[in-house]
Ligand SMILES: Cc1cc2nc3c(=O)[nH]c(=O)nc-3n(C[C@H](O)[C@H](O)[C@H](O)COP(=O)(O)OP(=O)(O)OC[C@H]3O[C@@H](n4cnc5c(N)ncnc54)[C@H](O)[C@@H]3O)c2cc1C
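Only one chain comes next, encoded as structure tokens, the form predicted on its own.
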């Protein structure tokens, strides 16, 4: 069995792992980035043509990080020359007394972020593509927009390699074992079985993260079942006369806050088509055995919502794609060190609002890797990310919308 040595081994080259490798290499660390498939694969949660990026979160812990995330994405664009972020503005809508809407308004106001509350008269004038109840309001935030998801992951991975990262695809990690002050990672890859010694390891394995956290004794010592569920998005044709109002230059990304939560994008990925998604709350699935087939009944439900709420759209999906959500018990991010083995770091539970923060999470992981076991001095750190909060975790919040 071949033995290799690095400063840091990053496990998983989705959004979080590619970002961590990119920043670690920028800090001068010798990094190995391992991916069990190929960068940009469709088996996990980081693929697809678009994700929403926005400031409007009800929780200040997340909303306050949005400006730094935007800045890091713009820096990556400047460095790579890739187009990753297009600003469209965002529109949340629902009844004016809805707690999720009120929470967004209060947080945005407290942080000094600009927004507008639009009554139905103003909504119909500015955004006629939405057909809403007369007593609903729109919550509009300029500066939000669309991230090109797969392109962003591929760009971060490519820039990481340019910074000196060794990227090894088709390499499945079998075990992560602390050894003294370091770690041993056992891999089955193109070169056969390998044992990789490193000072540190960063686990960013998305839907597979629970496997490693269980191996490392965290599932039993903490209330830490990571929930992996099936999700899907669908594409709908716009009628020719409506394509101008659904163009990304005129239409914002949008989120319907009342149940059932759905959200969507203007015409951007595909000519004449918009992407719409409905949050699904189905059974827990195994990422290794789940077949990722599209559920026709969920597409039918989404088509009915399109028919009810969107104008100028043919309410029959022309195609649909599946992905996976991974959530912690309280639906907050986990970004921390192992309590007993601080040389092992991990980031998990990001679905479905985590992608906008990938490049920032990578920066935070690099900050944690560069400091002592009890040092949380990074300006990006938030107490809510601690894993030990789950020793007394409350039930999953049923009314929080994530994307």
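Positions refer to the first chain, counted from 1. Remember, predicted model here, so these are calculated numbers, not experimental data.
Same protein, other form: the form predicted together with the ligand, not shown, and the subject of what follows.
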Consider the chain as shown here, without its partner, and state which of 323, 310, 242, 108 has a heavy atom within 4.5 Å of the ligand in the predicted complex. 323
The unique member of 256, 171, 155, 273 whose heavy atoms fall within 4.5 Å of the ligand in the predicted complex: 171
Mark residue 9 yes when one of its heavy atoms lies within 4.5 Å of a heavy atom of the ligand in the predicted complex, and no otherwise. no
Consider residue 213 of the chain shown here, and say whether it contacts the ligand in the predicted complex, taking contact as heavy atoms within 4.5 Å. no
Is there any non-hydrogen atom of residue 37 lying within 4.5 Å of the ligand in the predicted complex? yes
I'd like to know if residue 208 sits close to the ligand in the predicted complex, meaning any non-hydrogen atom pair within 4.5 angstroms. yes
Counting any heavy atom within 4.5 Å as contact, can you tell me which stretch out of 364-372, 334-342, 62-70, 37-45 lines the ligand in the predicted complex? 37-45
Looking at the ligand in the predicted complex, is some heavy atom of each of 182, 328 and 346 within 4.5 Å of it? no
In the predicted complex: members of 345-360 within 4.5 Å of the ligand, any heavy atom: 350, 351, 352, 353, 354, 355, 356
